[in-house]
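Only one chain is included here, represented as structure tokens and corresponding to the form predicted on its own.
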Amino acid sequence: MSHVRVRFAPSPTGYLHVGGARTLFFNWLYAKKLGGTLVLRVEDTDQVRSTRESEKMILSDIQRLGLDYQEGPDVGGPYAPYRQSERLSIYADYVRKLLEQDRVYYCFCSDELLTQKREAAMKMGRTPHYDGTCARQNKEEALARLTRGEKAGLRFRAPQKSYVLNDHVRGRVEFKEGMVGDFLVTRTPGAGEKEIAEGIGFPVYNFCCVIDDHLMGMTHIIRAEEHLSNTVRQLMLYEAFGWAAPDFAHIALVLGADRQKLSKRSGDVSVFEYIEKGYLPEALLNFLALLGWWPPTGFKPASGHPEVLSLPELIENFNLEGLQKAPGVFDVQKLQWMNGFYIRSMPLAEVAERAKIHFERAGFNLRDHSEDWFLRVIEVVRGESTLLSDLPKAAQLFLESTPHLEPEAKTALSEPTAHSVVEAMVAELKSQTGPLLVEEVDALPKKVSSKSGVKGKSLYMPMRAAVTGKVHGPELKLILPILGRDSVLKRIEALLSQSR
């Protein structure tokens, strides 16, 4: 196989959303697997919606995911420039070639007129192809209209023949003759846009895409299924220029849990928002990889769970044959579960470091505590957290000097035997000095039971409530050594005062 070159080509109109992140990741995995090159190309010919600020946000999101590319607008490369808005003169050269070959003609129809024609065709039950109005005028007449100051785009003469695509995911796809009519390769410039050359309008997506993919040496195009309908137009352009088309793989759609098109309500939010909420990039990428792809039969991940694959495992096992035709379902609850799995499995120091920003946002000052103390806290609370942003709330009992007494805990402390349980616990804690060791806390319930005569739930619930203000949570033998003897005694006193 020749050197693999793939690309991710976002339009800079906002943050990177999860659908685009999945496309990026599949291209990244394929390039890594085969030692190829990933190109980032910014498709910013939509001058109304595209902004440099959005481009920066997308590049930042890619960096947040921990992914890299070898060529792009910020890193350069042998096929620069990598922004389509900076390649207009290149497109103009290829438009001229099509003009010379009479493969395109000037179209003076306004957007309003084209809309009317489209609606009329649909009302008559016809496919809304362009009706060829401008194709019938000769070149001299068209040039005369341009000289008079009229504006036009250029429309490609669609060959009347069928085209076949052998897609890595869809298999054999036949585009039958007449599926598309003559289509624009440049359009009439809009407000603030200039013609790319004298008499040539502003280039459109399908045209720019073919020129760039060929000139940049793309060997494989891995993109969303929604682009499949564009492919026949692109095949026509490849043929017109005498170029071989790259291999295509149109990956399955991603649906929401309701089996409808993915929307913001069902999980289609930006990578930025997911990471800000406390999702780990590794978990998000793992989750996205399994939306439309599956590892080879018989592969067993080191995690012990068939759906939790490390980045090296994803690279090693990724192949185009594993891409699925059926739509993937974006289940946010499953993503949360997977994120929790990663939080529990990741090295403790790594989780603690990534969690710090969330503690700061929650208003906790970690400078008052040692790094070792913080690691011990994270070790205790990460088991009950699905997001990094859950950790500050779970760790609240360690960070607040006076915890809040929850209603259930207040009820537990009001039980008839609760007073004797708490009294016995305080006496035992005061009977010794120095650090609270796990061994002492392990023996504490038995000693308190012996002194108070209380057993079972009536013993454990008041003990927990008196220290944490809650009736559920980590084991006391994990909590008390971290809090320390003096802190525990002060908390018991404060919580008892709240229970009165």
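Numbers for residues come from their place in the sequence shown, where the first is 1. Fair warning: this is a prediction, and the values are worked out from it, not measured in the lab.
What follows is about the form predicted in complex with a small molecule, which we do not show.
Novice: Which one of 104, 209, 409, 355 is close to the small molecule in the predicted bound form, taking close to mean a heavy atom within 4.5 Å?
Specialist: Answer to the contact question: 209.
Novice: Using a 4.5 Å cut on heavy atoms, which of 279, 398, 156, 205 is close to the small molecule in the predicted bound form?
Specialist: Exactly one residue meets the criterion: 205.
Novice: Just to confirm the contact call: exactly one of 186-194, 223-231, 115-123, 378-386 touches the small molecule in the predicted bound form at a 4.5 Å heavy atom cutoff, so which is it?
Specialist: Of the options, only 223-231 has residues within 4.5 Å of the partner.
Novice: Please check if residue 10 has a heavy atom lying within 4.5 Å of any heavy atom of the small molecule in the predicted bound form.
Specialist: Close contact exists here: in the predicted bound form, residue 10 approaches the small molecule to within 4.5 Å, heavy atoms only.
Novice: Using a 4.5 Å heavy atom cut-off, state whether residue 55 contacts the small molecule in the predicted bound form.
Specialist: Residue 55: no, not in contact with the small molecule in the predicted bound form.
Novice: Quick one: is residue 43 in contact with the small molecule in the predicted bound form, heavy atoms, 4.5 Å cut-off?
Specialist: Yes, residue 43 sits close enough to the small molecule in the predicted bound form that at least one of its heavy atoms falls within 4.5 Å.
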